[in-house]
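Have a look below at one chain only, the form predicted alone, in structure tokens format.
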């Protein structure tokens, strides 16, 4: 049975691009939720506790450290995000079926072949399973919270692997899929964590406007910065590797549709990285001293987030753009 159909709704259509973009946003936010909850906020809390002890030893009284409300706010993101990703995956299956079968009457045989007899179907199942496991992790009620964390992180890896193997990496074997999985996780660690910090963690602190609140913002950003640096480096390394394999030759960077689209992505990445560097070098040292510094951080981070969302749009386009290396026969598994 052929899984190719002539249809105006294809994998490169705007509707399908929007679905893939929603998938990327959902996965990135889920990774960001995990990073912020189990890495950034605990590090920030330890830094604030150390500062409190040092101040007390010096005979200086500072306001009490905030409780775990921030962690609970972040935790509450996981369930709706996982549910939204589950819905997106159902929509993606419908879109893929329509792209494959066209506008003909629904056939169970085609759907079964698509899901169970194709590499795309295996990747889709992995992503859907990951979303379901994340949703289950949010409902776990056990004494040892490490079980919840372990299930959550395992589900995230499964989800990222599903997303990675559903794209061009599928033609490169398990090595290419593993690198792309790291790429997806790194993107979430940077972009997703930034979004969670800016949209969920900072607003309630900014509304408080107290010295402790601004000190907490400073501690959170200080804890986020090394995560962003490591994730950015990993994102660049895996991205360069994938681009080299996809392009096949340096000329394809400007001679092919894929290459020119990749240039747009690189330009947006430059905006994101430049804004992040500005926050790190100029804004971070001033945090914790005045409300104006927190407002300045929110403005510059908004630019970084908009550029990051645009990167995910371009990535959703690239996933369905033919590889110049494949067209020239230069791809090697």
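Since we're looking at a predicted model, the values are computed, not measured. Residue numbers count along the first chain shown, from 1.
This next part talks about the form predicted together with ligand HEM, which is not shown.
Peer 1: So, a 4.5 angstroms cut-off on heavy atom distances: do all three of 196, 217 and 294 pass it with respect to ligand HEM in the predicted bound form?
Peer 2: Per the other structure, none of 196, 217 and 294 touch ligand HEM.
Peer 1: Whether residue 311 contacts ligand HEM in the predicted bound form should be assessed with a 4.5 Å heavy atom distance threshold; does it?
Peer 2: Output for residue 311 is yes: heavy atoms within 4.5 Å of ligand HEM.
Peer 1: Would you check, heavy atoms only and a 4.5 Å threshold, whether residue 180 touches ligand HEM in the predicted bound form?
Peer 2: Yes - in the predicted bound form, heavy atoms of residue 180 and ligand HEM come within 4.5 Å of each other.
Peer 1: So, residue 236 and ligand HEM: in the predicted bound form, are they within 4.5 Å at any heavy atom pair?
Peer 2: Within the cut-off, so yes.
Peer 1: Indicate whether residue 73 is a 4.5 Å heavy atom neighbour of ligand HEM in the predicted bound form.
Peer 2: No, no contact at 4.5 Å.
Peer 1: Of these, 135, 242, 222, 200, which has a heavy atom no more than 4.5 Å from ligand HEM in the predicted bound form?
Peer 2: Of the candidates 135, 242, 222, 200, 242 is the one lying within 4.5 Å of ligand HEM in the predicted bound form.
Peer 1: Would you mind picking out the stretch of 279-287, 265-273, 40-48, 295-303 that comes within 4.5 angstroms of ligand HEM in the predicted bound form, counting non-hydrogen atoms?
Peer 2: Only one stretch qualifies here: 265-273.
Peer 1: Taking ligand HEM as it sits in the predicted bound form, which residues of 179-213 have a non-hydrogen atom within 4.5 Å of it? Please list them.
Peer 2: Stretch hits, in order: 180, 183, 184, 187, 190, 191.
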